[in-house]
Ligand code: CDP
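The chain that follows stands alone, in the form predicted alone, written as structure tokens.
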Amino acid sequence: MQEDENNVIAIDGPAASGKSSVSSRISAKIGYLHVNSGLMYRAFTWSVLRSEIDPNDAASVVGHLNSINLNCGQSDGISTLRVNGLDPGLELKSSEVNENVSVVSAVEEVREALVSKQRDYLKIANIVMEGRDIGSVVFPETPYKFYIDASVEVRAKRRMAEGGGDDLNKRDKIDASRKVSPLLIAEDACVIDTSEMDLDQVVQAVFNELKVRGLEKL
């Protein structure tokens, strides 16, 4: 990230850790564009499943990637992604997408394509971007890095409250062990365990750290 570019706040963490709620609240408070990189991977996974492609067939997944149009944009301060002009909407949270997104996201060509689109957002706005590899791979030079975590028991309860029932242990293992852009804690990230914190407390902790790290206009 060059000094003359916009700022990016990177918020990483495992599934159901609370990073989406935190990212949304922070972006709204400081007027940054909220980019949920996970929804980008979910949208592509939705397209793979909709096209009746086996998510475990990497060659077919890459072929599909090269045959469709992924259009990234923004609406009301939130990033958007359309696949061949279609908005998957609530289907992004379906059990089928939940069960297959980590497998599809592990394909090298998929990550390369979507990481490039994620980086493009910084050309148009200050952003809060959440994901698995934002601080480690997408924007490794940003000084504003956070890793939002929680115990697997707490995360499972949160996922159930959202209506999801995916196997978080399985997803954690796939996300952490993939060869390309694995889920990990960047060396200079501020780690926040949200297991026993409410949303307001987590957001305040992030703001406190942003001030320490020199982010102005908070």
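Owing to the predicted nature of the structure, the values given are computational and were not obtained by experimental measurement. So that there is no doubt, residue numbering starts at 1 and follows the sequence shown.
Below, we turn to the form predicted together with the named molecule, even though it does not appear here.
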query: Partner contact for S37 in the predicted bound form: the named molecule, 4.5 angstroms, heavy atom; finding: yes
query: Contact of Y41 with the named molecule in the predicted bound form (heavy atom, 4.5 Å); finding: yes
query: Non-hydrogen atom contact D188 with the named molecule in the predicted bound form at 4.5 angstroms; finding: no
query: Contact of H64 with the named molecule in the predicted bound form (heavy atom, 4.5 Å); finding: no
query: Heavy atom of each of R171, D175 and V202 within 4.5 Å of the named molecule in the predicted bound form; finding: yes
query: Region of this chain that lies against the named molecule in the predicted bound form, out of 120 to 128, 97 to 105, 77 to 85, 139 to 147 [heavy atom, 4.5 Å]; finding: 97 to 105
query: Heavy atom contacts to the named molecule in the predicted bound form at 4.5 Å, residues of 182 to 205 in sequence order; finding: T194, M197, D198, L199, V202
